[in-house]
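Shown here is one chain on its own, the form predicted alone, set out as structure tokens.
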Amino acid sequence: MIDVVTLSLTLMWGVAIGCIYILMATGLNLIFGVMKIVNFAHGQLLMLGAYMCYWSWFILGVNPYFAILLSMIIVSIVGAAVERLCFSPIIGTSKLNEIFVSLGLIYIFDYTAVMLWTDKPRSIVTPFEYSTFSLGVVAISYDWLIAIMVVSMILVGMFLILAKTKIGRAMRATSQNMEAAMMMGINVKKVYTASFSLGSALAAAAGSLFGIIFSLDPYMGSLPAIKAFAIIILGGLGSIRGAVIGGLLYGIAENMATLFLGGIWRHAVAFAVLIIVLTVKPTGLFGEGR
């Protein structure tokens, strides 16, 4: 029998992990929605964000949660450089070019991280590591709650950027019709760079929270990236709302599977949910048929 406390903690843990997946999937969906490219090296931007947060905390003594902002700024700049140097020259060419460029970036980022920082696992210690919030008989880690709050604030900020700013409106226009956006005077190349930069910043935030809740190493980005791709397919390609709901469903499904079936089923059940949804609705939860 599973008691209520264990079930509640598992559900809360699933929401916290789901929030990290949401940031990853939202960043991927933003880049795909605007640029129509799939970046398989998105997980490496997560890894870089985790290390930027770690070194800001370890060397500079910055509170890890404030270090998330520094991490986002640094990785957004790296993302802009990657877009201009690697993806911009090949946009509009064969999709194979995009695939092999992103696969090459995976090895470059991973091996550069190993060369600079070794492959030793590292952990970020927060001031709230051993603090819990009591909710009746359930004691919830402050780090879980803060992670959920941080993700919520970042998503609200992103939606405000997309809805209220000039560059955000340009991103939405380019996503809907690139040719029409160009005819209206929008600099599509700058929009592409801004979109990739913002998506990279979201990956950095996800990596920072991942490093705070778990640990970090140079190879940490691969599995979360695969899950992020699964989530955007589950929610529907190009749908930010789908990425949010899909991320939550994925995180909860993973942890419920661990509770009821054991850890070896964690990833299998989550992908089973993806298969079931796609069987019923091939375009994903909020995807539109084309």
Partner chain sequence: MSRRKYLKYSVAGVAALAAAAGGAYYQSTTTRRRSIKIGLVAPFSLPEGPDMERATKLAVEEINSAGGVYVKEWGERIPMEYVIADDEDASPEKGVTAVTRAIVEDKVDILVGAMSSRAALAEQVPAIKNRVPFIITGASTHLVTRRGPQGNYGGLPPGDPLRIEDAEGMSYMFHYCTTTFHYSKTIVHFFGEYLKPKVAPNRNFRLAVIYRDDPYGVGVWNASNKFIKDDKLPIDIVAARKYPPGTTDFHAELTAIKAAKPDGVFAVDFTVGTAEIYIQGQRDVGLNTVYMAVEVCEVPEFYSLLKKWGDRQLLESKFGPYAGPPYYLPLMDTYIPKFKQRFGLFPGMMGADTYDAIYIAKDAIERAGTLDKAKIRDALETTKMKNMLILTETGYIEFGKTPETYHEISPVTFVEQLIWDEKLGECRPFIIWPEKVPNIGAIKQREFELPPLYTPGEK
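Not measured: the values here are computed from a predicted model. Residue numbers count along the first chain shown, from 1.
Note that the form predicted together with its partner chain isn't included here; everything after this is about it.
- With the partner omitted here, the stretch from 159-167, 126-134, 72-80, 175-183 that lies within 4.5 Å of its partner chain by heavy atoms in the predicted complex is 126-134.
- In the predicted complex, its partner chain sits beyond 4.5 Å of every heavy atom of Lys189.
- At a distance threshold of 4.5 angstroms between non-hydrogen atoms, Asn255 is in contact with its partner chain in the predicted complex.
- The closest non-hydrogen atom of Ile213 lies within 4.5 Å of its partner chain in the predicted complex.
- By the criterion of a heavy atom within 4.5 Å, Val62 is excluded from the residues contacting its partner chain in the predicted complex.
- Using a 4.5 Å cut-off on any heavy atom, the residues of 111-134 that reach its partner chain in the predicted complex are, in sequence order, Tyr111, Met115, Leu116, Trp117, Asp119, Lys120, Pro121, Arg122, Ser123, Ile124, Val125, Glu129, Tyr130, Thr132.
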